[in-house]
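Have a look below at one chain only, the form predicted on its own, in structure tokens format.
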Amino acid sequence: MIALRIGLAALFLMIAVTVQTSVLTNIAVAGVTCDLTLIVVIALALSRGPEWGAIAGFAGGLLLDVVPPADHTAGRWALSLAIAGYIAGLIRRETSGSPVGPLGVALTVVLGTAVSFFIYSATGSLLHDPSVDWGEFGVRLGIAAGYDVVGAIVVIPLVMWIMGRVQPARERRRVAP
């Protein structure tokens, strides 16, 4: 059962990276597009916990770091998505595994977007990336958060539903109200 969950998580991340880098780049506003990989990482973290969130974030970020048109230092997305995934998983842990609710999911996505965007920009500044513009940070963060919340409306329930179907029966009984 664990192998199936890992395989599904890998499949979700590969699909998210592919769609994000090939399709969603065409609807960018101010150079910002929907971070589908982050949304999948948050969904996995909310469904399985902080460890899954961190590992999924690292794997998804690493894919973003190496898939063309990667024009930045490798490891920046891996770090930022791993931390965002871990934080999202902690939110699940704090709710004792009970459903977070629509407002909680939206706030988790906004928090994850802010954390990952800040870490990615901060590491870019440390590495002297010329594309980092702190003067536009607030505007870009607002656009990114808006895109991500809209994308999360579809992606998070779907990923959480599928991941919920592949857990052992003893876990389903324990989580059920």
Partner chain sequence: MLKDLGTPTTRSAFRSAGETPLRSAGTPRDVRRRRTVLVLVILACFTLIVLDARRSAGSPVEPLREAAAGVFGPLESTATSARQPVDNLRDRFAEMDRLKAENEKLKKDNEDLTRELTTSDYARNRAQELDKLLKVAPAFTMTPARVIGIGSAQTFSHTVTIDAGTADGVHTDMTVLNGTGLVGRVVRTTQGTATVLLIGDRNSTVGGRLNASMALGFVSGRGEVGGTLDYKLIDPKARPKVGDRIVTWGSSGNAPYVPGVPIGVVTSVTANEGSLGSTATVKPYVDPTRIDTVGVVTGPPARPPRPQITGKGN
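As the structure is a computational prediction, the values presented were derived from the model and not from experiment. Numbering follows the first chain given and starts at 1.
Here the subject shifts to the form predicted in complex with the partner chain, a form of this protein not shown in this document.
**Prompt:** Would S121 sit within 4.5 Å of the partner chain in the predicted complex, counting heavy atoms only?
**Reply:** Yes.
**Asked** Any chance T33 has a heavy atom within 4.5 Å of the partner chain in the predicted complex?
**Response** Within the cut-off, so yes.
**Request:** Flag V150 as yes or no: does it have a non-hydrogen atom within 4.5 angstroms of any non-hydrogen atom of the partner chain in the predicted complex?
**Result:** Answer no; every heavy atom of V150 is more than 4.5 Å from the partner chain in the predicted complex.
**Request:** Verify the contact flag for G142: yes if a non-hydrogen atom of it lies within 4.5 Å of a non-hydrogen atom of the partner chain in the predicted complex, no if not.
**Result:** Result no; G142 lies far from the partner chain in the predicted complex.
**Request:** Would you give me the residues of 42-75 that have any heavy atom within 4.5 Å of the partner chain in the predicted complex, in order from first to last?
**Result:** Going through 42-75 in order - heavy atoms within 4.5 Å of the partner chain in the predicted complex - the hits are P50, E51, A54, I55, F58, L62, L63, D65, V66, V67, P68, P69, A70, D71, H72, T73, A74, G75.
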